[in-house]
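In structure tokens, the next block holds one chain alone, the form predicted alone.
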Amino acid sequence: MSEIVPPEVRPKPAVPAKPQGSSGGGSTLLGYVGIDTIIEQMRKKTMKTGFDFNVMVVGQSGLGKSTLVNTLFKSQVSRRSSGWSRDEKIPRTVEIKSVSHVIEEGGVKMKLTVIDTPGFGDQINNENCWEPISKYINEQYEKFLKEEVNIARKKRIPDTRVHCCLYFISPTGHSLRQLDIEFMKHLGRAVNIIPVIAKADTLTPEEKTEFKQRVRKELEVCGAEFYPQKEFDEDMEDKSDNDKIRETMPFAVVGSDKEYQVNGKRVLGRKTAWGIVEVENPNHCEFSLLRDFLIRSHLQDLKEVTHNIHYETYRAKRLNDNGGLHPISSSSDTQESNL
């Protein structure tokens, strides 16, 4: 991977720039000031502090959740496969397990935390099996809120809030399970849910298209929400870009961490009896669309929606229900101040 080359500093013009008309009542600059360097200043500061990104994966065992996350970030960032061996007992309730890694590309460091939910949907009776997940999401909001109201709070509050939830839909080709609908109905307003159809190579192109349309229709009818919601579009450009994404969802994906030789090139793929399914080939699956959406175009927006919408909703309700949180003394995490 090539290093990021810092852009050259723009030289000061020898003569004043020609005044240009400005809208909104702003003053016209008569020469170069250097306001445009703020972007570079922000870039340098952000590269020093790094980024946090927390992604949760939810779905039945055997849908390739860990493999897909490893494929997305091209490293072993997820825990081992959550499939159960003969010697292991399937947990009676949903467990929450997380693992964190610092990954670096082009001088940019990101602390990636992957939260897995083994046991979800694996029981005979899956009633209310989303409750431990909802509890975990709210606990992270609560943890952040308590840090905010500390008298001597940290300069940078550790962010363990779930920025994105990848929800894996089984490739049945028929319709959503009731569990899928209930999960998205209950958690769609608490976290950014991105639905994906797992192991999409088990569907023919026609089956895949029909299944995607049926899933979108069922979610619309039941009122289940997924990211990006139309109400969060900030302008017409956002609406145009997000409309294209919404028409593509749910992403039909294939994950693999194995490489094969195809036409003289090494590619990630799954080997089948009739050929190799190339993970990053848009003609084979929509993995590249998911990756570009999740990492290259909407990662920052996922974090901002988490903070400005989901966390603020929790914060307002929490403070309203309890008449406000008292500041927490710096001498003890449990001792409340009388202020």
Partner chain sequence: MTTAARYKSRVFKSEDSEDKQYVGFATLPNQVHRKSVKKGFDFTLMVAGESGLGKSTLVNSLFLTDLYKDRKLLNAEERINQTVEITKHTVDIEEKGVKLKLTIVDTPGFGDAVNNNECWKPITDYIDQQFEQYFRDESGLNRKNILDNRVHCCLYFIPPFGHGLRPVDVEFMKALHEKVNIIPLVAKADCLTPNEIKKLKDRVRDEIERFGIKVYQFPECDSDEDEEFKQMDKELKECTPFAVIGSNTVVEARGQRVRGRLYPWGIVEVENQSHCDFVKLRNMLIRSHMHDLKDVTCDVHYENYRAHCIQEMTSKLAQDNRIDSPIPILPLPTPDAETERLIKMKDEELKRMQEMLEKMQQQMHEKDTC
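Just so it is clear, the model here is predicted, and its values are computed rather than measured. Residue numbers count along the first chain shown, from 1.
Just so you know, the form predicted together with its partner chain exists too; it's not on screen, but the next bit is about it.
- Contact annotation: its partner chain lies within 4.5 Å of heavy atoms from the stretch 278-286 in the model of the complex, the single such stretch among 278-286, 31-39, 303-311, 50-58.
- Within 4.5 Å of any heavy atom of its partner chain in the model of the complex lies no heavy atom of residue 294.
- Residue contact check for residue 116: none of its heavy atoms lie within 4.5 Å of its partner chain in the model of the complex.
- Its partner chain is not drawn, but in the model of the complex it has a heavy atom within 4.5 Å of residue 221.
- Contact check for residue 207: a non-hydrogen atom falls within 4.5 Å of its partner chain in the model of the complex.
- Distance criterion of 4.5 Å from any heavy atom to its partner chain in the model of the complex singles out 126 from the list 71, 140, 126, 242.
- Though its partner chain is absent from this view, in the model of the complex it lies within 4.5 Å of a heavy atom of just one residue from 228, 188, 171, 250, which is 171.
- Residues of 175-200 placing a heavy atom within 4.5 Å of its partner chain in the model of the complex, in sequence order: 175, 176, 177, 178, 179, 181, 182, 199.
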